[in-house]
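Only one chain comes next, encoded as structure tokens, the form predicted alone.
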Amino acid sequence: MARLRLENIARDFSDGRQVRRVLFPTTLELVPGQLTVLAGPSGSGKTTLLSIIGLVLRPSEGRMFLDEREVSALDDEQAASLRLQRYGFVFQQPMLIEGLTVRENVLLALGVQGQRPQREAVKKADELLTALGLAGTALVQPRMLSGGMKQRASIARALIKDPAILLCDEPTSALDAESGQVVMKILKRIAIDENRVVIVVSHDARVFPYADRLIKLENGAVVSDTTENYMAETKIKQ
């Protein structure tokens, strides 16, 4: 389990001539057991916010806490170590390596941590693939999979480290509607059943009904933040 707390987090970028504020002071608490969607148009600040949460960017102002530890001022080495230990990432493109099997792609995440894949790791990888509807794909190469299947394999790769926090940047935007639904149902199940912090960045309104919490950003600021009861009539149940 993990709990994230952001206190007046803001971010500026400079082109060398002027400083531009891309994220205005934002205070949020993000807890396990719910799927949170960060929504907004391009340039709204949602990806910047996700990057700060993921310890990829440092805030220009404010503080962020993971559990009770302040993590916003960690140096690059400390931030990288914490990302490897506590975070999993799913991107718009699955970024699977051709020439490796699906199982080997999943196990790559452990290799990055310096862990040599052993029998237990292989077993866990195969169990994750089965749980994600990819039974029988462990020994095939990614080119044999559909787009939705590749994205599910990338989720398995993110989960092999058993992360407390799963961050997903536009995970459905390159998928057809049916595959996108499958991926979102999986992410929702991971949040609720496995009690993880799951955050999805998306501008796709088809994603919104899966959210337990929907945070909308515009022009670098949070303009609305719902509770788990939002859109009760259309919310998709497990």
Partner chain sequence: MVLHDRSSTAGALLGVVAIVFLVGQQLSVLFGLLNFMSVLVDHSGADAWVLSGNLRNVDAGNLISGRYLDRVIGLREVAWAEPILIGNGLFRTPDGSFESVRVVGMRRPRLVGGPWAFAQGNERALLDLESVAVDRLDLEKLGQPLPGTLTEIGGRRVRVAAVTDGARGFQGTLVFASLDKVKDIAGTPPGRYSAILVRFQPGADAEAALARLRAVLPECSVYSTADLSRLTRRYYFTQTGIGGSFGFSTMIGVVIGVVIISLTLYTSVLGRARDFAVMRAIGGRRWDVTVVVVSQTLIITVTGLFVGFLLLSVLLNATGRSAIPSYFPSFVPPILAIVTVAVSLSGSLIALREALRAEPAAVFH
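Bear in mind the structure is a predicted one, so any value in this text is a computation, not a measurement. Only the largest set of C-alpha atoms that superpose within 1.5 Å between the two forms is called the rigid core. Residue numbers count along the first chain shown, from 1.
One more form of this protein exists, namely the form predicted in complex with the partner chain; it is left out here, but the text below deals with it.
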item	value
Heavy atom distance at most 4.5 Å to the partner chain in the model of the complex, all of L57, R83 and G99	yes
Non-hydrogen atom contact S179 with the partner chain in the model of the complex at 4.5 angstroms	no
E77: touches the partner chain in the model of the complex, heavy atom cutoff 4.5 angstroms	yes
Residue contact check: K123 to the partner chain in the model of the complex, 4.5 Å heavy atom	no
4.5 Å heavy atom contact, M95 to the partner chain in the model of the complex	yes
Contacting member of V71, A164, A109, L128, with respect to the partner chain in the model of the complex [4.5 Å, heavy atom]	A109
The partner chain in the model of the complex - contacting residues of 32-59, heavy atom within 4.5 Å	T47, L50, S51, V56, L57
Exceeds or equals 2 Å, Cα of L84 between the shown form and the other one, core fit	no
L100 C-alpha moves between the shown form and the other one by 2 Å or more, core aligned	yes
